[in-house]
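The form predicted alone is given below as one chain in structure tokens.
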């Protein structure tokens, strides 16, 4: 049963934009979320379960628990995968609760100085500024291709500094960034225009997944879409929201609302599930009196798999002989409630055999930057996930989120290929749009 509302709680909740008493009290402590929570499955601790974290949030909100190191630790350990929301029979909006708790931590808890420094560098100095992202990407590209990376790895310095595992997560930087496509319009191919869409390009994706973005646009064009890439767009703010840095997320939201304010779009599409979930929930970043514009914006947001499944594929597809499995992106399935659309698109490709993996809806451990801040837990989840991938015998694992792709590629290198026949082809990691692009009938 819900905890009885204490005297004065209603007045306190009404005076804040944060969670209200009803948001906490909706949790009936039934425990159905427990087996769906990755951190509870890892450690079996009530404090690291959804209902345990909600209880701690409520006690902090009531002033009965100190906002200290232990509370922060349990909040930081959450992946914000929102699998508990899917399992919950009472409709608890856990994602909003954990993000509000982290916002409170950001405002009222003083982290160690090194942690404060990197959080300031990443969330405030780097993430909101595309030019700085590009500059850092160029440095990383030089590190990877000049031979310096091999020398540093061989020296043992990374192990000495305790960052060897994190460094292995570094993805290859693209040759050509996607920033050059901002402000461009891509016409539909093959005649009649079926839809006009605005494309959300992301932030880090523009230097790490430029080829994916271009493949997505080609697939949309082939299916009769005119694709506009607004020039003024910035990072969606998802990483900042999940970390509790809501002022930065709100500023980015204001910029994007302006960039995509032009009328005439049938939809605003994104190929990143994490971005899509945040874009659809922009209204939560603003006071009640300012939510109308953000709500209208959110109503037009579609994941690209969702949009194409609704529109229907019109482009002819050639045969691709491939056995694949699909990893549900947490913020696509649990955040946006989209599970069948990507599978429908995969099954539409001739020659592709889709084999479902065990616990396809369980987090791979990426969770934004969780694999960098909680590396041990992220790798434990990834090792488990790659075991399920291997069990399918798939040639490729597909997903619908760039962050998941980075994690799964690391998983293939660390945990999958060594267990297979050395002569066998390595497991590919592909976005659903990359599969559709591969299957396009070329002129």
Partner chain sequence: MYSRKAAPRRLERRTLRDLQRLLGPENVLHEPEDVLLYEYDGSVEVARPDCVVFPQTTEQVAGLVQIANRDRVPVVGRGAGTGLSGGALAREGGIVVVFSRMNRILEIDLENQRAVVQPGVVNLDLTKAVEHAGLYFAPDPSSQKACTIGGNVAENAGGPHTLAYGVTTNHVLGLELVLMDGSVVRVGGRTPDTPGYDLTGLLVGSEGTLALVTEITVRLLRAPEAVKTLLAVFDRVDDATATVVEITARAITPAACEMLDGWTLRAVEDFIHAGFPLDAAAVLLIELEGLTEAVEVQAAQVFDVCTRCRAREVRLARDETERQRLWAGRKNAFGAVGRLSPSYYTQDGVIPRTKLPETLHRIEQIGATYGFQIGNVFHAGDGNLHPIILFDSRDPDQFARAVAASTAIMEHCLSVGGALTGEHGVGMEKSELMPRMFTDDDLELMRRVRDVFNPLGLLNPGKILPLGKGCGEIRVQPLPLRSSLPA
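No experiment lies behind these values; they were computed from the predicted model shown. Residue numbers count along the first chain shown, from 1.
Another form exists, predicted in complex with the partner chain; not displayed. Remarks below refer to it.
Participant: Between the options 409, 383, 41, 390, which residue brings a heavy atom to within 4.5 Å of the partner chain in the model of the complex?
Facilitator: When the partner chain is considered in the model of the complex, the option within 4.5 Å is 41.
Participant: The partner chain is absent from this chain, but in the model of the complex, do 21, 34 and 65 each have a non-hydrogen atom within 4.5 Å of it?
Facilitator: Spot residues vs the partner chain: full contact, yes.
Participant: Is it the case that residue 148, even though its partner is missing from this view, gets within 4.5 Å of the partner chain in the model of the complex, heavy atoms only?
Facilitator: Because no heavy atom of residue 148 falls inside 4.5 Å of the partner chain in the model of the complex, the answer is no.
Participant: Would you check, heavy atoms only and a 4.5 Å threshold, whether residue 360 touches the partner chain in the model of the complex?
Facilitator: Contact with the partner chain, no.
Participant: Should residue 91 be counted as a contact of the partner chain in the model of the complex, where contact means heavy atoms within 4.5 Å?
Facilitator: Yes, residue 91 sits close enough to the partner chain in the model of the complex that at least one of its heavy atoms falls within 4.5 Å.
Participant: Against the partner chain in the model of the complex, would residue 301 count as a contact residue? Criterion: heavy atoms within 4.5 Å.
Facilitator: Close contact is absent here: in the model of the complex, residue 301 is far from the partner chain, nothing within 4.5 Å, heavy atoms only.
Participant: With the partner chain taken in the model of the complex, which residues across 41-69 come within 4.5 angstroms through any non-hydrogen atom?
Facilitator: If the 4.5 Å heavy-atom criterion is applied to the partner chain in the model of the complex, 41-69 yields 41, 42, 43, 44, 45, 46, 47, 51, 52, 55, 56, 58, 59, 61, 62, 64, 65, 66.
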